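Given as structure tokens, the chain that follows is alone and in the form predicted on its own.
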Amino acid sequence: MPHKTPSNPRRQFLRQSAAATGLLLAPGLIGCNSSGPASAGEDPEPAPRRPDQGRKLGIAILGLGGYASGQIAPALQLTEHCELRGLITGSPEKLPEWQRKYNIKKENSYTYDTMDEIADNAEIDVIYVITPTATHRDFSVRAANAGKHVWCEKPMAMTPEECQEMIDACNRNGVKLAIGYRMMHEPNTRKLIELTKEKAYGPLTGAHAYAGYAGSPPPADYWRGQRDMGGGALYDMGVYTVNGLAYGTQLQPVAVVKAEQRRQDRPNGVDLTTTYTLRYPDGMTAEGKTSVVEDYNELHIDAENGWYEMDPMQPYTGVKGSTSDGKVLGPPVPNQQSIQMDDDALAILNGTELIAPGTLAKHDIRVIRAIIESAETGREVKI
């Protein structure tokens, strides 16, 4: 039977899940910060690794799919300042296995129907949202309204307006909002960031970021194959390029000069490959390319006196970098996600800045939306 695209895919996802259940932040500020950094380049250092009297934060994972089971849950076992204590899912049949594997109490397990009850659970400090992009806003707002800090996977949401709703909800409830940009925590990538901050090779002259994998086009009945759910190359892999150019240059672009997208030829079809050119306030340009059917992976920065790069820039393992004068940015670290979560936990425990707050990620979504508009109109789009 042909796939029928729902008129409101986010609500459709939540309804289906419910049916399965029966369903840069100012120092010291506790909320999410509504004003945001002046530049995507205002990249705070990781919080000092000083636990609060040995306390660990209780983490509840919301969404028990592949990334949660394959990456986040195992990484939580390697953290110093976090502990997996809760589960929230739209597929309650998954709960018994997760409860056994990670020793999760039944009373700390919730469905999408019952998750609001987590507000009364003092063992849970953070809800980590790991669901399709189009659902991030709704789940993050519910988590904040329950009084829990919110960690949300990237991309943050579908639109800047949705991002702002998440930021506002966290501010109202006095909780922090961190986005799962693991590369901004990765130590070798942070060495590249320092080269830009220090102007180690002089003023920047250009940059490019490529992220893609050579696979088959995503199927129509899978959320990654549905444009309205946040599927496609630009939201899936392109967010690495947009964010990489932001932290790699420490600049925010002012316009998308041009963009092209090769899309699936069907209703609600996703982009398979997207290319774009950004312009910055001083006139410098940078190139981005992303795909779910072509393989590439690097972030390269050119400056007057040399260059530096991460190649590959964003796999789970094997990230490494180099410079024009022979420096090596490495070796790869054992587990990126555990570093990310410990950094975010310490920012909560110590009341310090988040490395990747919602305000920063909101700007990346503005860039993504401008890329889409430029591709659709064939014109330059201001950001």
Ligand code: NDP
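Remember, predicted model here, so these are calculated numbers, not experimental data. A residue's number is simply how far along the shown sequence it sits, counting from 1.
Missing here is the form predicted together with the ligand; even so, the following discussion is about that form.
Participant: Under a 4.5 angstroms heavy atom criterion, identify the one residue in Val256, Met229, Ile301, Met310 near the ligand in the predicted complex.
Facilitator: That would be Met229.
Participant: Sort through Gly212, Gly86, Gly90, Gly288 and report the residue having a heavy atom within 4.5 Å of the ligand in the predicted complex.
Facilitator: That would be Gly90.
Participant: For the chain shown here without its partner, which stretch in 291 to 299, 118 to 126, 140 to 148, 180 to 188 has non-hydrogen atoms within 4.5 angstroms of the ligand in the predicted complex?
Facilitator: Looking at the other structure, the answer is 180 to 188.
Participant: Counting only heavy atoms and a 4.5 Å cut-off, does the ligand in the predicted complex sit next to every one of Thr135, Pro155 and Trp223?
Facilitator: Affirmative, all three are within 4.5 Å.
Participant: Flag Asp271 as yes or no: does it have a non-hydrogen atom within 4.5 angstroms of any non-hydrogen atom of the ligand in the predicted complex?
Facilitator: Residue-level check for Asp271: no, no contact with the ligand.
Participant: Classify Ile339 as contacting or not contacting the ligand in the predicted complex by the rule of any non-hydrogen atom within 4.5 angstroms, answering yes or no.
Facilitator: It does not: once the ligand is placed as it appears in the predicted complex, Ile339 has no heavy atom within 4.5 Å of it.
Participant: Taking any heavy atom pair closer than or equal to 4.5 Å as contact, tell me whether Gly66 reaches the ligand in the predicted complex.
Facilitator: Answer yes; at least one heavy atom of Gly66 falls within 4.5 Å of the ligand in the predicted complex.
Participant: My question is simply whether Tyr112 lines the interface with the ligand in the predicted complex - judged by any non-hydrogen atom within 4.5 Å.
Facilitator: Output for Tyr112 is yes: heavy atoms within 4.5 Å of the ligand.
Participant: Quick one: name the residues from 278 to 297 with any non-hydrogen atom within 4.5 angstroms of the ligand in the predicted complex.
Facilitator: Contacting residues: none.
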